[in-house]
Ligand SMILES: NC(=O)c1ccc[n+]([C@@H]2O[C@H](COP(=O)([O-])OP(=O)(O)OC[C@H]3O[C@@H](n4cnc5c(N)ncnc54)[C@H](O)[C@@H]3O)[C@@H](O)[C@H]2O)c1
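One chain follows as structure tokens, the form predicted alone.
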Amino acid sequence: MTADAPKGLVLVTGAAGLLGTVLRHGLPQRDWAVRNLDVVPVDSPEPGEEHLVADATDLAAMVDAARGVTAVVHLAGIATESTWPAISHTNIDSTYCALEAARRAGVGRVVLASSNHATGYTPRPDGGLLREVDAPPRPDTYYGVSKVAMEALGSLYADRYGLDVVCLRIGSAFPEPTSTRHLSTWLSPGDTLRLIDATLTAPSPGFRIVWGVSANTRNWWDLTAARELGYEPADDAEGYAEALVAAHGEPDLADPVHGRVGGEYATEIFDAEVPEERG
């Protein structure tokens, strides 16, 4: 962090995860103080780093953690498909707790880590770029349903209580692309930080849903709404294209993995298992 006073104090839930780690290290470099929260201790904490070990589904703990912060960035949750009891408790209940804690603690802004899987059955656009308004909820999994619920809760708290709530429909947030699909959907660590910083500094955003991807040459998600918040992506997955195409071939746009927003999550491999009947 610079010698100047910080812009504010941000509570980051799920701070021990992949995206949380990016923010833990990156936000202080952009003059934000960070209060981390996760169910496990973070790896290699920075000197003086503030960290709370607590469950994001524990409302009382979340209210305590939110006191005195400028904004809440809610990343905590199961980051892939799981059972309905696990998804509904961990992802939906924690989103309620994040928003309600912000309301009770007088925090005016919440950033929610939604996902492309909230609209996973939406077809890839046939030319042009897909705007958020053209991708209403069409979840591809229980995980996707939890992100639809996240966006709905965010809308409720924005309308009823006046919170600024920004929902980020994050694409493929990995250190680098590992598949040809990622050439279109990648969100780099650097752009993750740029996107979050923009959502924290944008004046009075109200309720927004925006795509979270980098400036990929093969991008098919329209970043206009994210740019309106001040997001200026700097990275492009195309630098990885030659090696990925050589290994996997050019993407077949007739394949649902490349033809739907949710990719493989919208295919039968993510069908829920049917319990065996017991005599």
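Residue numbers here begin at 1 and follow the sequence given. None of the values given here were measured: they were computed from a predicted structure.
The following text describes the form predicted together with the named molecule, which does not appear among the structures shown.
None of 153-161, 167-175, 97-105, 133-141 except one has non-hydrogen atoms within 4.5 angstroms of the named molecule in the predicted complex; the exception is 167-175. Between the options L37, A237, V210, A66, the residue in contact with the named molecule in the predicted complex by a heavy atom within 4.5 angstroms is L37. In summary, among the residues A225, A215, A54, A33, the only one with a non-hydrogen atom within 4.5 Å of the named molecule in the predicted complex is A54.
Contact annotation for G14: at least one heavy atom lies within 4.5 Å of the named molecule in the predicted complex. The named molecule is not drawn, but in the predicted complex it has no heavy atom within 4.5 Å of G263. Mapping the unseen interface onto this chain, T90 counts among the residues with a heavy atom inside 4.5 Å of the named molecule in the predicted complex. Contact between S188 and the named molecule in the predicted complex is not found at the 4.5 Å heavy atom cutoff. Counting a residue when any of its non-hydrogen atoms is within 4.5 Å of the named molecule in the predicted complex, the hits in 95-119 run A113, S114, S115.
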